[in-house]
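Okay, so we've got a single protein chain in two different forms coming up as structure tokens, structure 1 first and structure 2 after it.
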Structure 1
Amino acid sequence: MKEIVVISGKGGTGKTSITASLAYIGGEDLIIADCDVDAADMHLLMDPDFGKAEDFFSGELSLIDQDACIKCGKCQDVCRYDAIPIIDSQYIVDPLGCEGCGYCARVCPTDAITNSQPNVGKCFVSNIRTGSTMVHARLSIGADNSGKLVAKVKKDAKAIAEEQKKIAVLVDGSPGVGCPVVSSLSGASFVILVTEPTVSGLHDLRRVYELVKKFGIKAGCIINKADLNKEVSDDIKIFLKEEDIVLLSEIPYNVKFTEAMTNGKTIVEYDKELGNIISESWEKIKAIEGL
């Protein structure tokens, strides 16, 4: 079973719209995992039934029992995150600042501090309109454990794919190069890099590919809005050649791309010409991965 991950480094390049289109083309053959847990949007195009919901607990959060606290201030002294301010002459843990290291609880002379595992999000397994299943999540505001939630979404999606003998899991990854992306990439068999010919797009593509290289994963690239800037488009293609990344397709700048999303449709359903380009990309990926 293969694991195909779509990432972009830069946000707003069309990553989710393209992933949704691939999900539509792949239909029942694929299990979908939306690992962009910070700003998960894929469900807006997939009509999920939120069939199974599960709370996700991770990390730790400290809490000070005010009755037992003798206000010695040791907890505040050892906290490296400035997460224990004094509010109304009480030492209070700021849940947004607390990283859950538990150091404060270990130095408290009266054992007034306890740690609990906070609910940092919700994980869903849904039937979607492509006839398949999607695992997706909703991270709580300001939560710390997006990397772990990504890992959970992927693990669940993989288990379902294996059980139902699907050919692959298709993963919508997160932006950036930090922990959620690292989590999205681990275990992937193929990476689709979605980029755009802007100086920011190329800059972010280079950075995120440096990360992909560390994992040693094979990659292909889709250039969206390809005709927006020919010069940068050419620079991207030179970069792809240098790094031995397959150019999967070039999608022209077209308002229909956004229109499709506005209408709750994938691009392949909404526009034949753009749809064909994405279908060709999928055929190339299938050939490379032997699907």
Structure 2
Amino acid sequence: MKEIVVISGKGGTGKTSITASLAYIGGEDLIIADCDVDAADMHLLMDPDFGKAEDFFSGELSLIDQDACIKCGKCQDVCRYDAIPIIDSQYIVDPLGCEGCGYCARVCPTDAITNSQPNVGKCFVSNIRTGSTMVHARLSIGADNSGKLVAKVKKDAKAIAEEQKKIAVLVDGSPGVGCPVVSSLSGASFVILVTEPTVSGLHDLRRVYELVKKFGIKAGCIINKADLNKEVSDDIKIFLKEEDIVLLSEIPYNVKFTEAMTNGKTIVEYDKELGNIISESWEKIKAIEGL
């Protein structure tokens, strides 16, 4: 079973729209994993039923038992994150400031402070309108450990794909090069890089591909809005050739992408010409991966 990950060096390249289009084309053959947990929005195009929901606990957070607290202030003195303010004459742990280091618990003379794993999000398994299954998640506002939540989404998606004998897991990864992206790339067999012909688009494409190379994963590239700047598009193609990255397709700028999203549809359903370009990209990927 293959694992195909779609990523971009920056936001706004059309990564999720293209991933949703590939999911629509692949239909029941694929399990979909939305690993862009910090800003998950693939559900807007896939119409999930949120059939199964599970709380996600991760990290460490200190908690003060007010009945046991003698208000000595030692916890506040040692907290280097200023995460223990006094509110209504009580020492309270600020969940957004606490790093879960546990130092406050060590110095507490009455053992009034304990550490626990907080609920930082939810993970869902949904039936979607393509006739397949999507594993997706929602990270709580201000929560950390998005990389660990991505790992769970991928693990669950892979287990379902193996159980149902699907040909591949299609992953919508996060933009950038942070922990969620690293977690998305782990175990991937092929990476689709979505970029745009802007100076920042090319810069961030180079940056994210450096990460892909460290994993030793084969890669292809889709240049979205390719006709916006021919000079930069040509520079991108030169870079792809230098790095032996397959040029999967060049998609022209078209407002129908936005119209399709507004109507809750993928561009494959909404526009035949653009849909054919993405369908041809999928056929190239299938040939490369032997699907």
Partner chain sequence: MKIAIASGKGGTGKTTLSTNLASFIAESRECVLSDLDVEEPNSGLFIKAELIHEEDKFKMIPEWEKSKCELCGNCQAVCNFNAVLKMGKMIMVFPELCHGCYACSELCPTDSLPMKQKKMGELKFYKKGNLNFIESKLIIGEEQAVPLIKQTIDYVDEKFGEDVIKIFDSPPGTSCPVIEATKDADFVILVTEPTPFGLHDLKLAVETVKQMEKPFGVVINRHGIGNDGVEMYCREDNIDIIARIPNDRLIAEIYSRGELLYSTIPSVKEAVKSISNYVDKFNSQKKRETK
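If you superpose the two forms and keep the largest set of C-alpha atoms that fall within 1.5 Å, you have the rigid core. All figures in this text were calculated on a predicted structure; none of them were measured in a lab. The first residue in the sequence of structure 1 is number 1, and each one after it adds one.
Structure 1, not structure 2, represents the form predicted together with the partner chain. 17 degrees is the angle through which the smaller rigid part turns against the larger between structure 1 and structure 2, based on C-alpha superpositions.
For R106, the CA shift between structure 1 and structure 2 after superposing the rigid core equals 3.0 Å.
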